[in-house]
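One chain follows as structure tokens, the form predicted on its own.
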Amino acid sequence: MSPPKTATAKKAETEGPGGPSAGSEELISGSEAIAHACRLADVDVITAYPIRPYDTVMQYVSQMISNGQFDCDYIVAESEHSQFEIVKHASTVGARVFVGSSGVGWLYAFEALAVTAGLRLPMVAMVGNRALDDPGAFGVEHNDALAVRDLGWMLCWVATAQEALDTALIAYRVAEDQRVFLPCAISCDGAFLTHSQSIVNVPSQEAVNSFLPPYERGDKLLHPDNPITIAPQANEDWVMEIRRQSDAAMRRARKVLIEAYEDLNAKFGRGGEPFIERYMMEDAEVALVGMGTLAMPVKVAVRKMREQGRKVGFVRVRWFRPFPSEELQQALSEVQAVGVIDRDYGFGSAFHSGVLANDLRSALYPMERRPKIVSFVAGLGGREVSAANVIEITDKVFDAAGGDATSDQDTYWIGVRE
């Protein structure tokens, strides 16, 4: 079945490494891109409960079903907790599933989120990143998705609608690989990505079928003919072993992710590096690090500063779990100082930094020659991060590189009204 066309779709057949009719170009939002990925992945069960800004994915999926373009079991639950429980159980019997939420809705499902990871179920979910209440706000922050970072969920941030579609396909391939069997959350910045449109190459069904194998649980399938226990009650003698198995699966996910990106690059002609994106880093003296749609203003500012002769680069973290320690060590090995821009907060943490800054400090600590790290909090609640903000941040990073001993001992909140 050919991909559905929106009213604003730019219909143009493309030639890619997979041959003719490799896909079509469409003007769609990040939420529409995720909905396309669900259709192309032939997801069996999708549950829904409305909360902004994630609910736009539900709307596009239901529209496809209504138009006869997508066939799946679409279940509207009575709460966020219930929708995650439904797909959790569907996954145990071999159904490919999709679900999502935002902000406090994601947290309302927290019991189900923890259990899903503990059960090693390859659920794929989207988080439309949104500030946690109170105060109530619909703008983007990353703390909602980051809440599951240490539970066994794979966790990534995407910057464009194209990357959202491609990463969803990668998420199914990696999560459902029997070497992994872990859930994956795809984080999409609320409004900046969920509601903003851009040109996206939507691959053909044939191309996706060649990339994404069917979901097979093997001897772990819950079925009357295969009597096994799901969600066992383990006493204290076995919890350590179970946690260790999950740790081993997360370690193996690195290799499986690399394989998936290599295949995506070969089949679709895009994908880039698996874990990070480097921008103008070849001769950079200082670097900025961030996640998600922050990439757009940072790249604009980096280009402006490069025109002025300032050697600054940018590294975008794509996968937060598993954390790309090796890749970040390599990418930042030659710079003098790093500025980490967090769209989140870690109240009371070391240096009162954001979550990404603290993990980056840990990742770079073993380096014999490690750069200074300056942490910044910006763009909370959906506030714009401007090119001027990025230049202000870069000035402080250059100060640290020049020997300002205080620059890397505190966290700077950018753009806060006095």
Partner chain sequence: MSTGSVEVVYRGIFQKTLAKNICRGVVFAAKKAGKIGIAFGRYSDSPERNGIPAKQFAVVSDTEEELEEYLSRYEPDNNDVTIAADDTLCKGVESWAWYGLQPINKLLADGGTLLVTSTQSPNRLLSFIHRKGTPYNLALVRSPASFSGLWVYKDDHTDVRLLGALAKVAPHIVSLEAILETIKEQWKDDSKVQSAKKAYGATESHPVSAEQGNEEIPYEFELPGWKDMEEGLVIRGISAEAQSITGRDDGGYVPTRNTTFKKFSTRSMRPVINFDTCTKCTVCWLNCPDTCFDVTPDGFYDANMDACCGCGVCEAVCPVADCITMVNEEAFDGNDGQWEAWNKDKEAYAGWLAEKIANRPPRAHGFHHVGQYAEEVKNESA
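These numbers come from a predicted model, not from an experiment. Numbering follows the first chain given and starts at 1.
There is another form of the same protein, the form predicted together with its partner chain; it is not shown, and what comes next is about it.
Looking at its partner chain in the model of the complex, residues 118, 219 and 232 each place a heavy atom within 4.5 Å of it. Although the partner is absent from this view, residue 238 contacts its partner chain in the model of the complex, with a non-hydrogen atom inside 4.5 angstroms.
With a 4.5 Å cutoff on heavy atoms, residue 223 does not count as touching its partner chain in the model of the complex; it lies far away.
Within this chain, residue 227 lines the site of its partner chain in the model of the complex, having a heavy atom no more than 4.5 Å away. None of the heavy atoms of residue 75 is located within 4.5 Å of its partner chain in the model of the complex. Only one segment in the set 102-110, 300-308, 271-279, 245-253 has residues whose heavy atoms sit within 4.5 Å of its partner chain in the model of the complex; it is 245-253.
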